[in-house]
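Taking the form predicted on its own, here's one chain by itself in structure tokens.
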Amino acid sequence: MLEILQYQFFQNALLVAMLASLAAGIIGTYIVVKRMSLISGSIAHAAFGGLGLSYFLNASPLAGGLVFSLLSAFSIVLFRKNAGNRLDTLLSFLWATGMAIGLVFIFLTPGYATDLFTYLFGNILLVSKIDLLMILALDLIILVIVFLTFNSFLSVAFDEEYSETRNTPVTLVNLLLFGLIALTIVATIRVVGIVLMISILTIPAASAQLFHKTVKKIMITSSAITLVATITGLFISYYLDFATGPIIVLIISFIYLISILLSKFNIVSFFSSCVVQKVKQS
């Protein structure tokens, strides 16, 4: 089973799994806390417009996806207050328009877009060394910005109005936060694809939130859940010769269901109390 580890493409896939899990765990926590799953979904689907345009121009699909996802993220920040109750309309517009632009340029591109399926549904086994370096760079940017602006992100994520009264530059913080969501989407697009993107950004963090109340613990647990699901799905999909994205999402969903059961019946708390009692007795 472990002989597969000697191949370069599988080593790249494992490295991307670790990098994507870290990014998704950190940014996914903000998405869940701020209840922005639909916003992240619209940014992810808008990125498809950049992928299609990149295919047409014979450029890097990830670079095109990054540009479109950043543009859509910044548009949401700048126009969502004016949109008011029509925010869902703005999100639907970005969602549908991005997909439509991508499809139009793909149809205009001569030949067959061989990698299209991997960007829609994910296939981490096809990650190239260039993709790996780009995802590494995106991860470093995410980590540095989150480290430097952690408290501001936390304040805005929980209560924007209160943050404004404390003279926090809410618009600037939101631009940074939504920009990081766009970077995370591009960093994880090879793992589960655009169609299944919401799952990796929200379900692990939602699972972690069932057991932890602090943001840092949710981030760590969410990243760990994503990493376990991604690596497990990677091995399963390789030996079943199946696309990695759906397998990873099914594992993440299974972990979420188990987490609900454990939290509902307080099984984790029960075992923790038993361990504490044993330690006291000894």
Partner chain sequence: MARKEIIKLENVFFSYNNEEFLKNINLSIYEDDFLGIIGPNGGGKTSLLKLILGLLKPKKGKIQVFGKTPKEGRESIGYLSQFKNIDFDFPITAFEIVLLSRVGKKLFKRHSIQDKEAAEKAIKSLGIWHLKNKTLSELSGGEKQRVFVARALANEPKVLLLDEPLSNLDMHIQEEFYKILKQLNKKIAIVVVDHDLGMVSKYAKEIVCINKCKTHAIKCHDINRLKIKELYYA
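Numbering follows the first chain given and starts at 1. As the structure is a prediction and not an experimental result, all values here were calculated from the model.
Only in words, not in the display: the form predicted together with its partner chain, which the text now covers.
Its partner chain in the predicted complex is not approached by Leu140, whose heavy atoms all lie more than 4.5 angstroms from it. Contact between Val249 and its partner chain in the predicted complex is not found at the 4.5 Å heavy atom cutoff.
Although the partner is absent here, Leu108 lies well away from its partner chain in the predicted complex, with no heavy atom inside 4.5 Å. Interface membership of Asn58, defined by any non-hydrogen atom within 4.5 Å of its partner chain in the predicted complex, is ruled out.
This chain lacks the partner; the member of Ile198, Val77, Val173, Met99 within 4.5 angstroms of its partner chain in the predicted complex by a non-hydrogen atom is Val173. Checked against its partner chain in the predicted complex, the candidates Ile220, Ala63, Val33, Leu38 yield a single residue with a heavy atom inside 4.5 Å, and that residue is Val33. Residues placing heavy atoms within 4.5 Å of its partner chain in the predicted complex fall in a single listed stretch, namely 152-160, out of 152-160, 181-189, 130-138, 91-99. Residues of 47-71 are not found to place any heavy atom within 4.5 Å of its partner chain in the predicted complex.
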